[in-house]
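Let's start with one chain on its own, the form predicted alone, as structure tokens.
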């Protein structure tokens, strides 16, 4: 079956199996946390709308709108990488909606000692997650370390960096050039930033050009690390280097990435390194992870054909269950859906109606 036509539930099962294969263990948590956790980190949330209630002891609580914050809050700093995945409900206003929804979200986190292989492994799982969802997918990857070193080298004023990052994320070449003039950058320096904002291609297309363009602005160590991780990945055909993927620079650092599939105009997977969030929450270790927004996957399910089922198979109670089961298997082996009934139900929309007498199948006229 084409993975793009699978339900969100089926995809969740596939993803859990994938993550367990790589040694990630299931992480379970409470449905709610103290509201203060989310109030302090609203910028990290997909939506800042949170459902709150007062506990019996007077403490303000919230139904969790995010999983990562809870994992970080309740975790420990360890000398190894703690690898967990989750399949949890979150409660928030979804993108493009006006009301709260209970949403199943699946993702993974690696926290602790995060080296280049760990980053490579998480990116590998991100690409494989997308391929489980759809054969037509793209993972866009960036590195905020490159952006930070470049802006430091160009001496972009701190007061203008958030604006600059926004223009890069929008690929807004006109406003970016105007900002560079305001900052007193030369034409060569402006061209470097415009190249960074506009670049998008596979690692084999972009990496050879990266060192040439950024040499003297970004350290060889940072460029080499970025290249080494990406060159170690499989699935080059769905990887894109795109430095307009920036996310929130107050929480993220290093590698950041977003996943897209054809048919959905927004990212269905988002992740990156979030050492800054760990530090803000008084943790000393590193972290990287991603989430798959399974609420968006309903848009990929099979289109409505106007039928409830492909075939209604009528049979009499005298037909043996074994013979009926064998006939159903024969029909389903052709890829169709089959509903068995002793009498034709009212208001059922089907492509065909068949009747099975125990040995032969007869086609009946379908007036649906």
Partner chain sequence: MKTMLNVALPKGRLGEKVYAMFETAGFPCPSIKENNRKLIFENPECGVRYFWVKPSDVAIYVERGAADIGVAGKDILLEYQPDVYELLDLNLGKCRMCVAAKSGFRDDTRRQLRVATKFTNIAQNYYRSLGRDIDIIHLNGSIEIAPILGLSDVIVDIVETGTTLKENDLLVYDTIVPISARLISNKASYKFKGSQIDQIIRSMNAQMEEAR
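Residue numbers count along the first chain shown, from 1. Computed from a prediction, not measured in an experiment: that's the story for all the values here.
Below, we turn to the form predicted together with the partner chain, even though it does not appear here.
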property	result
Option from 177-185, 263-271, 211-219, 103-111 whose residues, in the predicted bound form, bring a heavy atom within 4.5 Å of the partner chain	263-271
Proximity of residue 294 to the partner chain in the predicted bound form, heavy atoms at 4.5 Å	no
Residue 171 within 4.5 Å of the partner chain in the predicted bound form, heavy atoms	yes
Residue 242 within 4.5 Å of the partner chain in the predicted bound form, heavy atoms	yes
Contact of residue 236 with the partner chain in the predicted bound form (heavy atom, 4.5 Å)	no
Sole residue of 205, 77, 136, 248 within 4.5 Å of the partner chain in the predicted bound form, by heavy atom	136
In the predicted bound form, the one of 140, 88, 275, 121 near the partner chain [non-hydrogen atom within 4.5 angstroms]	140
